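Provided below as structure tokens are two forms of one protein chain, presented individually as structure 1 and structure 2.
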Structure 1
């Protein structure tokens, strides 16, 4: 019996190419394709035969990978998901891990490894050797750079990734400049930086803020 596959990626060329490649695997067939999480869920709702496995990107518009995987895991517990991403930063990996992914591959893997991952996830429910397997324990026990930011800190951080002065940011947040100083100090500590530029760069690196 062929393993049925769903694929979700916002890059159409990659999506179609990958589908084409997977269709060339004797033991696999692609049953659905989507350009984002929302479209994927819509397609799943309309399918009579659900895929066994879904290959899904992390960053997609409309509904991103973690949100989609979370919903798929809840609604279709028999579907396994394999993350396909360009990035392996802890934030991305943790997001997909927490959402319920069975494996996490980078987009620079060889097709043979993708095939192997599909096969192993189908047979055993997980795939050893991928990003997720290598980092699961470290990530879950919090050694990861996963930090907790309050909503206000996140808002401040987003505004701080700009040309604004702290005075201007305080005005935009309807807070005192001294409160802004406090947020900055807190973030300096959490991100282990010592300047605003360093903080902004670190935020971008960790995908806390998108440019």
Structure 2
């Protein structure tokens, strides 16, 4: 059975091109398209069979990505969502993750990685390019190495999954920015990631933080 996909983006040319690309994957089929979150929710309400996964842009008119994902997560918990955006700032990434997205991809992603993300989210409910790139076999086997964090690291991790900058986190923890950099580097190593996005995704997956 093919993986059914919904796509939402306010740029019609990109929307059509993305749908065509996804339809070219043998294991996928596009079942609905929308130009904004409100139209997407209207389409979902009219479908007899809901899509398995929705790829959704962050910035859209009428109803943006975070608002739409939050409502989809509440109304249709069996639908997984993947953010696909030109923006990779912390505010955009963490906003979509907090809303309920299972992955965050940039629009210039290679088609091979897009296909991989779709199949991983369908199979495991989650995709983190950082982890897959550095430790693919461990993730695919579903093994979860025990992560031991200090209380300070837990506090830092919770703040790092918010909109605060590292400088603001340092102020809130009454620590120097150099010390905060140390916590960041330590958690990158413990979680086997290379970016703040990867750290947040892995923390959510492992239930180390609750957004």
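Numbering follows the first chain given and starts at 1. What you see is a predicted model; the values in this text were computed from it and never measured. Throughout, rigid core stands for the largest set of C-alpha atoms superposing within 1.5 Å between the two forms.
Engineer: Which of the two shown corresponds to the form predicted in complex with another copy of the chain?
Structural biologist: Here the form predicted in complex with another copy of the chain corresponds to structure 1.
Engineer: Rigid core superposed, CA of residue 189 - does it shift 2 Å or more between structures 1 and 2?
Structural biologist: It does shift by 2 Å or more.
Engineer: So, does residue 200 move by 2 Å or more at the CA between structures 1 and 2, with the core held fixed?
Structural biologist: The answer is yes; the displacement is at least 2 Å.
Engineer: After aligning on the rigid core, report the distance the C-alpha of residue 160 travels between structures 1 and 2, in angstrom.
Structural biologist: With the cores aligned, its C-alpha sits 27.6 Å away.
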